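Shown next as structure tokens: one chain only, the form predicted alone.
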Amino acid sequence: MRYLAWFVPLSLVALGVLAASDKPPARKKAPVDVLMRSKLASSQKVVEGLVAKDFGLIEKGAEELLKVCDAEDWRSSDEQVYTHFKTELRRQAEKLDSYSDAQNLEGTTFAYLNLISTCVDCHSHCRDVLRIAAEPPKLKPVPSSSDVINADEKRPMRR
């Protein structure tokens, strides 16, 4: 009987371990902040490459930006303007990559400036438009004339 008391709990633990090992490990989603920080680090590599005229560094930064654009963990929104900015970022990163292959400094500079402009515009849109649209409006009912009658005078008060 004493062995049975130990056998049952240990077998349940063993079954739990075996059941847990059959499942593939859950893929942990990267937070958007991590992706945005990697986008920032990649764009800094591009700037460093532009200043040093190092097309290899520009290409490396552009390829990292393309990986960020392709990341499944990046928040997707069905909102059209957000989707446009995301598509435009990818397009500019592809231009950076192609101009760096051609060793075209003016082209890479122009593509980088457009890329940064897209980033700033998208962040402004997300901060100023999408956030405001996501918050419910703080509406108060319009007071009727019976709500603003002074109890002493029984006539409407002016505000």
Ligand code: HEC
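Counting begins at 1, following the sequence as shown. Everything numeric here is computed off the predicted structure, so don't read it as measured data.
The following text describes the form predicted in complex with the ligand, which does not appear among the structures shown.
J.: Is L57 a contact residue for the ligand in the model of the complex, using a 4.5 Å heavy atom cut-off?
T.: Outside the cut-off, so no.
J.: How about A111: is it within 4.5 Å of the ligand in the model of the complex, going by heavy atoms?
T.: No - in the model of the complex, heavy atoms of A111 and the ligand never come within 4.5 Å of each other.
J.: Is K39 part of the interface with the ligand in the model of the complex - any heavy atom within 4.5 Å?
T.: The answer is yes: K39 has a heavy atom within 4.5 Å of the ligand.
J.: Could you confirm whether H123 comes within 4.5 Å of the ligand in the model of the complex, counting heavy atoms only?
T.: Yes, contact at 4.5 Å.
J.: Looking at V32, L105, V129, V47, which has any heavy atom no more than 4.5 Å from the ligand in the model of the complex?
T.: So the residue touching the ligand in the model of the complex, by this definition, is V32.
J.: For the stretch 82-105, I need every residue with any heavy atom inside 4.5 Å of the ligand in the model of the complex, listed N to C.
T.: Contacts from 82-105: Y82, F85, K86, L89.
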